[in-house]
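In the block that follows, a single chain appears as structure tokens, in the form predicted alone.
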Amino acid sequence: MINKDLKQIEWEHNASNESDLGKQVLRPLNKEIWSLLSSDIIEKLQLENRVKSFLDVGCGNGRLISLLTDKSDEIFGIDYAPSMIEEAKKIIPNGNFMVGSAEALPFPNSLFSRTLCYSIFHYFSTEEQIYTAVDEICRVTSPGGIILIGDLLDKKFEEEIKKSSKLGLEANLPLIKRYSEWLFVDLEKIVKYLEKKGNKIEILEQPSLLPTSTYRKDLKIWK
């Protein structure tokens, strides 16, 4: 069984066996931090005024996007774990949720005014997956739209973070909880890649009160 399939099974298990919505998506944050996170995303995606359509790629159980439902006429979410999608439908009954992959989004070109992809890239297995997903996210976002690819693990901190991981303890954890399995991102390389395609990109810091803000960054893309 390849890692992608095993990770999908582990997310399924989390959705089915964990009642806390934050813990389901491995973000056991308190109410204040969730509010800080959503406010930061609203600012970066320029959602002060309501937009026509919003897509969350890798939406999980919908916990994060549930804090943004008043910012768009239509809410869409996609995730590769069916049980997560079932949870999202419970949290946001009027949303449009479906099972699918970030690498092959089942939407036509230029459909969404805003696109969010938050905290999923470090669960990918290869750099190729990252660039395929970035291309897909850009494809489905309309000209004049804004994309936020958030919670990217900065490759500059990879050695430091992975050296602090206790491999003996990790061996007893699911893959999705193992630091040694995380994929770190060369942010400057992604910026150069997107600039060649004519996009405007900015690397953004996360709020300092977020627990992992020292080594995680956000990427804002204007279409």
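Heads up: residue numbers just count along the shown sequence, starting at 1. Here the structure is a predicted model, which means the values were calculated and not measured.
What comes next is about the form predicted together with a small molecule, which is not displayed.
- Candidate site formed by Trp11, Glu103 and Tyr123: every one of these residues places a non-hydrogen atom within 4.5 angstroms of the small molecule in the predicted bound form.
- Contact between Gln129 and the small molecule in the predicted bound form is found at the 4.5 Å heavy atom cutoff.
- The closest non-hydrogen atom of Cys59 lies within 4.5 Å of the small molecule in the predicted bound form.
- Contact between Tyr118 and the small molecule in the predicted bound form is found at the 4.5 Å heavy atom cutoff.
- In the predicted bound form, Tyr80 approaches the small molecule with a heavy atom inside 4.5 Å.
- Comment: 23 to 31 is the region of 23 to 31, 161 to 169, 181 to 189, 47 to 55 lying near the small molecule in the predicted bound form, near meaning a non-hydrogen atom within 4.5 Å.
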